[in-house]
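One chain is shown next in structure tokens, namely the form predicted on its own.
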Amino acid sequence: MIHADLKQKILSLASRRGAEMSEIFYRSSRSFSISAYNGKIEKSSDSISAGISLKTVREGKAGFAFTEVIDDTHLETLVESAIANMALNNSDYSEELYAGAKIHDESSYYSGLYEQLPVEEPLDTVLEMEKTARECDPRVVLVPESRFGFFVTETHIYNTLGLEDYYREDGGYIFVVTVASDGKQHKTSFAYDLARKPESLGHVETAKRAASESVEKLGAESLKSGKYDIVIRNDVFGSLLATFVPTMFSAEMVQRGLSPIKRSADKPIASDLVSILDEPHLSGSLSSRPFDDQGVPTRRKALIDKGLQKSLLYDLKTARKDKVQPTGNAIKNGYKGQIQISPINISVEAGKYDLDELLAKMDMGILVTSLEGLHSGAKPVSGEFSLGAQGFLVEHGKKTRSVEQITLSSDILSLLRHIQAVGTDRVFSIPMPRTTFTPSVLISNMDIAGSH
């Protein structure tokens, strides 16, 4: 936490050095993890990092600098660096700071329970997850990792316009990797769970899910190339949206012509069954927050409403360019990071069908349970993708065998337009750095490349 006299010292010094306005951003983070392998604790870590960054603005140009060491010498350097960097800024955007009401909110984001855990509890949890996964099926031959972790973060923002925001958050996760073998094939799977409170983490169910999915993958084969109806499972659909939505709906990317969508709203870009929102206060998400990293209050907004394009995501500078209000979507990767426009919680409204009912709608199709190459085979600017996939062949509405060595090729807007049904089975994903809350979806007529 930054004391009032230190805050005033930095802001006053920046003003004397020529800044018209300036802002201090402070973040401290604690990250704990422990993992087991072969019945023993393999590794553990408990790290704390903290630092401040300073943003100075003069004539619409911003300078940025950060430090982890808070003393008189480093504070002088911090201010001088930020001021010097303003002169190097050749951005075509006019920068500003946010003057808003104070927000001090931690009621929905911080429980404090992870920090109170006895040291034996995380240890027992990872060992039990490993044991459960091994005993789930004799074909599970290896549990490479069984991990428990949590984080605690504090964020403070102060500026010369009177802004003074603060919130604290925490959350935890469990993660299990399993390998199954039938003597011919080895198949790997993983499962995870996340929660604001430790008692909400289902470690036994998570271990069983990882084990059963690796076993189900055994005997996998490719299939004939062609067009197939597919069901993309809830977590996989979340990963796909997390790859494309930030670029698609970033106001900066749209303004620069680097998004597959345009600035105009109320235009059909998806099936009328599809509604995608940014929900920053979503209960259960580890990404939810009361304000963004420029101090702007976060709010719920529709990106797509029943197939129609609605909002873009704005920070201060892009909102000023389009002469609209910022949406609270300016995000920093820690005190060292620069502002990026990003959704906070990508949420897809639930449909009418559970997973079995979605599968029953396909006479012949594929249930997609994993995608490979999202970082290399997806092109967020154009929206195109060509991704390796695994899953199950579905015949007469039922899973029949495991499928591998297939490739899905399309673009994100075509995929959204071809959604025929939406599931009820919404799940959260691990935030990296954002969370998705998505159901399974049925998509018609997808191009699938197989081995023959």
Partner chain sequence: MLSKGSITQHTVVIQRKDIREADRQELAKRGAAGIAAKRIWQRSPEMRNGQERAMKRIEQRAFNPLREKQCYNDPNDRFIIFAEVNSLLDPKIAHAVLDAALDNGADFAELFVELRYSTEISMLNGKVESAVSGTLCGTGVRVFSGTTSAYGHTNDLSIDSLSELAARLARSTGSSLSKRETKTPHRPDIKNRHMILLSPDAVEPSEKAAIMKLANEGARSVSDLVVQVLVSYIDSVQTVWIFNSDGLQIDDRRVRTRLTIRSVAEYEGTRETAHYSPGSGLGIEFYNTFDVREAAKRPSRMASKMVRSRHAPAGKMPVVISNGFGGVIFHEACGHALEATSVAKGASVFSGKLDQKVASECVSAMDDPTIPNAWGSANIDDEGKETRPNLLIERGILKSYMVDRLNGMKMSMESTSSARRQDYTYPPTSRMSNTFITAGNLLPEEIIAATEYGLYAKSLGGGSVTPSTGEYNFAVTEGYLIDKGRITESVRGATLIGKGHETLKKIDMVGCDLSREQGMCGSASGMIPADVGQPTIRVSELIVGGRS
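As the structure is a prediction and not an experimental result, all values here were calculated from the model. Numbering follows the first chain given and starts at 1.
The next section is about a form of this same protein that is not shown, the form predicted in complex with the partner chain.
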- Query: Can any non-hydrogen atom of Asp46 be found within 4.5 angstroms of the partner chain in the predicted complex?
  - Reply: yes
- Would you please decide whether Lys187 lies within 4.5 angstroms of the partner chain in the predicted complex, comparing each non-hydrogen atom pair? yes
- Just to confirm, Glu68 within 4.5 Å of the partner chain in the predicted complex by heavy atoms? yes
- Message: Whether Arg299 contacts the partner chain in the predicted complex should be assessed with a 4.5 Å heavy atom distance threshold; does it?
- Response: no
- May I ask you to choose, among Lys379, Lys131, Lys361, Lys310, the residue with a heavy atom within 4.5 Å of the partner chain in the predicted complex? Lys379
- Item | Single option in Tyr166, Phe151, Tyr93, Tyr110 placed near the partner chain in the predicted complex, where near means a heavy atom within 4.5 Å | Tyr93
- Please state whether all three residues Glu42, Arg256 and Asp411 have a non-hydrogen atom within 4.5 angstroms of the partner chain in the predicted complex. yes
- Note on the structure: Which of 231-239, 347-355, 263-271, 71-79 lies within 4.5 Å of the partner chain in the predicted complex, heavy atoms considered? The stretch 71-79
- Listed by sequence position, which residues of 395-420 have a non-hydrogen atom within 4.5 angstroms of the partner chain in the predicted complex? Glu404, Gln405, Ile406, Thr407, Ser409, Ser410, Asp411
